[in-house]
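Below you will find one chain, with nothing else, as structure tokens; this is the form predicted on its own, and questions on how it binds or moves follow later.
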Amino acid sequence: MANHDARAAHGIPQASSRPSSDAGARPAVVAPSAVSAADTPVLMGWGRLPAPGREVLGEDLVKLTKGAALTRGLGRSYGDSSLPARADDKVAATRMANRILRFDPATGVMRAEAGLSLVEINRIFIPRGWFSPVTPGTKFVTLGGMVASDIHGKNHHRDGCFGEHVRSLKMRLADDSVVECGPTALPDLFYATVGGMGLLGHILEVEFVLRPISSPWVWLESERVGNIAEYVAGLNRAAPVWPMTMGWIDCLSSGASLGRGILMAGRWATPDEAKIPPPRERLQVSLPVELPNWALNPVTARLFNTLFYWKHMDHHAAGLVAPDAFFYPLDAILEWNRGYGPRGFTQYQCVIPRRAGVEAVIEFMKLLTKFGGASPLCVIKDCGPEGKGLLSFPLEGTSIAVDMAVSPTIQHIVDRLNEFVIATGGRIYLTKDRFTRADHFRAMEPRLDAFLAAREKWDPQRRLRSAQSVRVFGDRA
């Protein structure tokens, strides 16, 4: 069915081919004066650490990506995976190529351009009873980015990563040819692209399967948890019962309260439970100014954590919540990353394998507390089996993600955390990473040789590259 015919027949409106006016969906770009007086264009990831470079925009991705070294969506990767290796590298920005190409309401199969955002998918499809099979913690991401990062969510223990729900990709390769790949067509290219951080080719179109939902509301049950050992036990109890689980951890508490927090479990509400009007669009506000570096410090972080923990007055609570509040709580404050000040920040996300035991998770939390670099934003999730993507992040175990302000000791902190994670057999998430050393990543990633072999086959000249690939994989700068 043709593009407009498909949407008209099933009441699906066209996603705008212009960049969203929503401030939260704008790419992370800063004025040249923020970095140098030489008027050098600058790009940033969500961690607000800048690099010289510029984007080129257009609605025709096939034309736009010709000769490009890197594709970039909404700039929500925290580190340097969407930053150019060189200031003169062509960076193709996908966000104007955001059309829905076709949708089958009988099967949920949708094909769309890589620049289509999760914001638009949710706006169009939640009222019609459909939702992405996997969603990260922000809706300000594009389909291309969801594939390149092989994003995971609160339902990983049930449904795996996004790549497991992708049927086909249209890609422009490093030699400028355009191909279609999938689990059965060029599978080596497909599985190296899923989670491959955009280094195998430019993703032009994505075909995947939306999931039917029983209502536009989520049924949430939450409980206050006293420490990290109770937390891991609670996640293990919830996993067989609940399709979505996660929680917030106080990563600054210690002693008997080490790792205390709020454990949350959810599912889509049934029609009987959701006999109320659909949720209204959530009011969003922007953090109006960049806070000074001193605003977030150990005292203010501990105060926030204490208030947030005891705000959950009842030990156990249950009820209906809107999808945005459940899946994307931080998206309510646009440009919240300004809260870390001009120094910027990073997110350290790792997974501790189940086989390492709860003791390893406890020891990891002790390290975080000891280093004191953590912030109020620390999330814990239960992960299921490893996916097929050659660099897909999750493996069966416990994922912990913590935001940390950049400081003179940040490299030391990341090094020590990585050494511990390597010893447990775990790994870090490249989408969030800015400071992991190449030798540490090799030590934690047994699939790396297979990924590098795929790059050698499909891009022997390493024409596709990023600042991260220079740092982690040794590409030329």
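Note that residue numbering follows the sequence shown and begins at 1. Since we're looking at a predicted model, the values are computed, not measured.
Missing here is the form predicted in complex with a small molecule; even so, the following discussion is about that form.
Peer 1: Decide whether Gly137 counts as a contact residue for the small molecule in the model of the complex under a heavy atom distance cut-off of 4.5 Å.
Peer 2: Answer yes; at least one heavy atom of Gly137 falls within 4.5 Å of the small molecule in the model of the complex.
Peer 1: Is Thr436 one of the residues lying within 4.5 Å of the small molecule in the model of the complex, judged by heavy atom distances?
Peer 2: No, no contact at 4.5 Å.
Peer 1: Please determine whether Ala238 contacts the small molecule in the model of the complex, using a 4.5 Å cut-off between heavy atoms.
Peer 2: Result no; Ala238 lies far from the small molecule in the model of the complex.
Peer 1: With a cut-off of 4.5 Å between heavy atoms, is Tyr78 one of the residues that contacts the small molecule in the model of the complex?
Peer 2: Although the small molecule is absent here, Tyr78 would touch it in the model of the complex, with heavy atoms inside 4.5 Å.
Peer 1: Which residue, Ile249, Val225, Ile352, Ala114, has a heavy atom that falls within 4.5 Å of the small molecule in the model of the complex?
Peer 2: Answer to the contact question: Ala114.
Peer 1: Heavy atom within 4.5 Å of the small molecule in the model of the complex: which of Ala148, Met110, Met404, Ala192 fits that? Just give me the one.
Peer 2: It is Ala148 that has a heavy atom within 4.5 Å of the partner.
Peer 1: What I'd like checked is whether Arg48, Ala301 and Tyr348 together line the small molecule in the model of the complex, meaning each has a non-hydrogen atom within 4.5 Å of it.
Peer 2: Per the other structure, none of Arg48, Ala301 and Tyr348 touch the small molecule.
Peer 1: Which of these stretches, 101 to 109, 70 to 78, 286 to 294, 249 to 257, has heavy atoms within 4.5 Å of the small molecule in the model of the complex?
Peer 2: This holds for exactly one stretch, 70 to 78.
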